[in-house]
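We begin with a single chain expressed as structure tokens, specifically the form predicted alone.
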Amino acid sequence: MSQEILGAERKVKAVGGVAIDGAPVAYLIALAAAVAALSFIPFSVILAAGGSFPLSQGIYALVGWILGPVAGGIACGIGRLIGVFVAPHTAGPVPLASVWGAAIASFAAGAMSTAREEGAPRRDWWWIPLSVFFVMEWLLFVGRAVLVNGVSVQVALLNTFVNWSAILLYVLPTRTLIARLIGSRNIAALAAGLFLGTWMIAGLSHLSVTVILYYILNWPPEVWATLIPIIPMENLFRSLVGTVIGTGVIAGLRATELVRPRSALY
């Protein structure tokens, strides 16, 4: 005797245990550990304030693209905080500023996702307040330099090229283009998206940290001109690190059957 089954169709979905904002906690722990581990490796000296930049800056955006804004920001913030204690040589002159830079970078990267899975909150507008925030940071940074410390407008614009180019990439539709490239199954497109995306997010993170350092340490105008050729080279290196590591990590995640975080971009 056959029975007809009535009712709405059900979906069976694999889960990864306890999750934060749709990202398994195990992923947060693993990526926070990666950020902390890469904090041991310095790649450039902070001429204006002393200390070194950690190599982990190259993967802040990647963490956000994998975990989403909330989980990514938490993972990067915790990983960087651990790095401040275990690798003080890359903590910078104001350690908490570097923790903030890691968290806001991953949050901004994760907020690029426009995925609308069932039950997922709508976040396709989060980029708007973030963009306003970054523009305000840039105005505070350049405004103090030009109006208070006598830095020429030309020098200020050249010095902050990485920052304002990152803001433009985030505000313009290039943000969604980069998101699509990262989500592409084509390795070349993925690599291009990772490079452009890391340049953009690293530039925003650099701005968020530097504006704090400038208001605390107030380095002289001469430093602004000295840093003009150095800052883009540093950001280029961050972008290369993010591209190389990110291509391998995302390709590996796609090849496995691990749970995909709800707000993941890949």
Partner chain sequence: MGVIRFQRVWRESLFTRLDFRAKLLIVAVISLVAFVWESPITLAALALTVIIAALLSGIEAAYLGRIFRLMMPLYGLLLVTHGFWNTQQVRVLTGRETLTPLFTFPSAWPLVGGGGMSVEGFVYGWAVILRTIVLILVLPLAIFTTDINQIMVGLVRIGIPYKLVFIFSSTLRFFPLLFGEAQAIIEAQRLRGLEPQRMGPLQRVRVYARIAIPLILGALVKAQQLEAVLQARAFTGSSARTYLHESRLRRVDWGVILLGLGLFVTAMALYVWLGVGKFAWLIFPSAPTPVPHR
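Residue numbers count along the first chain shown, from 1. Note that the structure is a prediction, hence the values are computed from the model and not measured.
FYI, the form predicted in complex with its partner chain isn't displayed, but the following is about it.
Within 4.5 Å of its partner chain in the model of the complex, a heavy atom is found for all three of I74, I82 and F237. Taking the partner from the other structure, its partner chain in the model of the complex has no heavy atom within 4.5 Å of any heavy atom of I201.
Taking non-hydrogen atoms only, L62 approaches its partner chain to within 4.5 angstroms in the model of the complex. In the model of the complex, P173 stays away from its partner chain, with no heavy atom inside 4.5 Å. In the model of the complex, its partner chain lies within 4.5 Å of some heavy atom of V223. The stretch that touches its partner chain in the model of the complex, counting heavy atoms within 4.5 Å, is 74-82, out of 74-82, 157-165, 135-143, 192-200. Contact residues in stretch 243-263 (any heavy atom within 4.5 Å of its partner chain, taken in the model of the complex) are V244, I245, G248, V249, G252, L253, E257, L258, V259.
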